[in-house]
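Next come structure tokens for two forms of one protein chain, structure 1 first, structure 2 second.
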Structure 1
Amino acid sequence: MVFKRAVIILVVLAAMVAVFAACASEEDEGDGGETAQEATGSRLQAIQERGRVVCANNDSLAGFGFLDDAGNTTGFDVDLCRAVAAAVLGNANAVEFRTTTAAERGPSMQSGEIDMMSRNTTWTSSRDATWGDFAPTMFYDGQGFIVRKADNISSALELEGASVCVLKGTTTELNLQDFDTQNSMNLTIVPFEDNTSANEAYLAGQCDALTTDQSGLVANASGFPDPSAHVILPETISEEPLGTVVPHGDDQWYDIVKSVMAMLIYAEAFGIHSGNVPSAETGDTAIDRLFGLSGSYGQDAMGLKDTAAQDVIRQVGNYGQIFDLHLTPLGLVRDGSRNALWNDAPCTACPKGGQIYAAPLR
């Protein structure tokens, strides 16, 4: 009773605030429309004047974005930002990393301070609508469960009545809730602030299962004291396409980021890695076009240097190299997974069975 009344009072208060907010925003509608960038020129210009790409990153997820012993931010996601910096500034290190907590990433993107976010962010429609535009998916993930082998579970549907550890403020948390509701699993959902806490709680037996992206499960398990005592269940309960995000309102910049992702993918498909980037015509028109040696894939329209891809691949490497450098050591297997290439570009008849693909660069 008391609570209901409190709720009603709060609703009334909130309604008053909302009315006030509505009135306030109506007054402002007249002079709207001008964005911060329109006043100062395009984002690309701003970046070139600044000399740095501002990149929102994570600093606490093994493999994707973390602090190494020297205090540098490294990882798969981080290299995507470095690739963009190499393309637009010719220097992969010209990145200003802005560590954002999970809570901050929405507001930070919305403030327009950030040029791109590469922070293991799942592409969802609501995020696309409110945070910014998503570039091609660079890593396909899906949410899974890890359980103790001693519990003899072979399917996620046997988890009825279990307590499940999950990360707070993530899509995995929402997916777990849906999974629980749909299958009436009667789960006890225990959300945690960070990966370490969730892992420790699972290992200590506070939870019977731990759920996060499959990649995260593999990485976590490799750090467990006895990895063989745990088993990852076969089901994935969600789609988690991870990609980079750019703020709304600058199509040129969005195109650049998309093209850089395509460069990483096609370089691998063409068999070009950081060690064999051509600087003179090779005779293969597709390769020559990619590296600005003949023809064009629209560099001028995007405001990129003709040879932008040379800088990118030479300094950062192709998709496969980035993957091998950061994710393979965690125990993630690429061959045969969705993160393999769709095929080798020179041979359209050699499917690789993966989903890593981008719009052709031509």
Structure 2
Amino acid sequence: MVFKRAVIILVVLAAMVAVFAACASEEDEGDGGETAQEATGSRLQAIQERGRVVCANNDSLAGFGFLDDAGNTTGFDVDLCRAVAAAVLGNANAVEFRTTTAAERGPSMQSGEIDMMSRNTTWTSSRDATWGDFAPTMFYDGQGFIVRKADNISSALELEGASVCVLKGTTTELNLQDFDTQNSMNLTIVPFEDNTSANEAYLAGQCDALTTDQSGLVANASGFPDPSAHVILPETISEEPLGTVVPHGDDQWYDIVKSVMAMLIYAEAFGIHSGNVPSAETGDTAIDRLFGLSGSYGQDAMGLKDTAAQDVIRQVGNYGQIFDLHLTPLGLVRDGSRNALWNDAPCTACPKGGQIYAAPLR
């Protein structure tokens, strides 16, 4: 009798375990379903429901991401975020900017709390693997050095034994370490958490040189008390392709951000700017397709309006307009540089001679 009772108890316990396992399995399947939903567009849905795009940015790099005299977030990278907001919400100002230090960039992307990052960020293989997905390169750069003119240094190879200010947790710091090792420079590397601190330390004489992207050196020098007292050395010690990044796991959102960058690039290639965006068919197949007037490049599949590019270009401008507004005043030149549009190839839609290029919208 005792034996039978024990058997019954064991059977009941086994049944309870089976039920519990089934419930757990259903919960796991439910979680998997949510993840799959995220991968097919739940981030877009969340953005539309909240009414704004959350964008990680810089607020202390002139030209790229900074606060203007009125306290507004502005710059080249900032306008890339605004372009995405115009595409998905119809309002380029529907952006929540989250100032992010260089060291915070990876964790902020991995957390999934940021919809996109547009913060003078270099595309590398390790970041591609662990941070998120990189959209087309929007600015080609390379790392250099700035020194005080009074020190009479004309080459980075003359910096042996020098102290160099650099941003912590960046490719810049890694490149500096490689440059030091490869050339036996015996440098003293002095890392800082943010751009402002690095600049202040350099200006205070705590470092003999400051290193960052060439564009950043130009931007920083523009804010120095006497820019003419400093010189950017001629060497470029790295490749720094800069662009926007989105978190892993949502292919639809990645496709949207890539396509918005392409809208900016192709609008300039086709001669369309914020003042002449067409609202009726032009007879030019490529232009009509871009602006949703005839044909499609997959807007419906991405969850965009057919005319999304009209909102983007009217409200933000094309790639060239964004560049000229924020970067040309710093002295950064496009003509003849890698940041001109792609090759001057023998076809009607292939202007003009640089590396700014995106997958065709068709």
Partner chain sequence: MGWARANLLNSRFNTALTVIVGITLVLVLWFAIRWIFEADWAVVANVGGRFLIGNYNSDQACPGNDCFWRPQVSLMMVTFLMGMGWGVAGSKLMRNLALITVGACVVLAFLPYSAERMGMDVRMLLVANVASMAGGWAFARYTRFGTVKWVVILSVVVFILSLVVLQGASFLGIQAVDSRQWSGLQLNLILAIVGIVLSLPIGILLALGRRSHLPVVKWLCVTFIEVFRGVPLITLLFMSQHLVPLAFPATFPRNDLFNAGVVIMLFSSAYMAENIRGGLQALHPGQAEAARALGLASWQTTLFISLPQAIRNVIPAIVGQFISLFKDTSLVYIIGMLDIVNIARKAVEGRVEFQGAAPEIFLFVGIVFWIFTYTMSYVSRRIERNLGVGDR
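All residue numbers here follow the sequence of structure 1, with the first residue given the number 1. So that the term is clear: the rigid core is the largest set of C-alpha atoms that superpose within 1.5 Å between two forms. Since the structure is predicted, the reported quantities are computational estimates derived from the model, not experimental observations.
**Q** The form predicted in complex with the partner chain: is that structure 1, or is it structure 2?
**A** Of the two forms shown, it is structure 1 that corresponds to the form predicted in complex with the partner chain, while structure 2 does not.
**Q** Could you point out which of Tyr140, Trp253, Thr212, Ala85 sits at the hinge of the rigid-part rotation between structure 1 and structure 2?
**A** That leaves Tyr140 as the hinge residue.
**Q** Please work out, using C-alpha superpositions, how far the smaller rigid part turns between structure 1 and structure 2, and give the answer in whole degrees.
**A** The computed domain rotation is 12 degrees.
**Q** Quick one: how many Å does the C-alpha of Ala229 shift between structure 1 and structure 2 once the rigid core is superposed?
**A** It moves 5.2 Å at the C-alpha.
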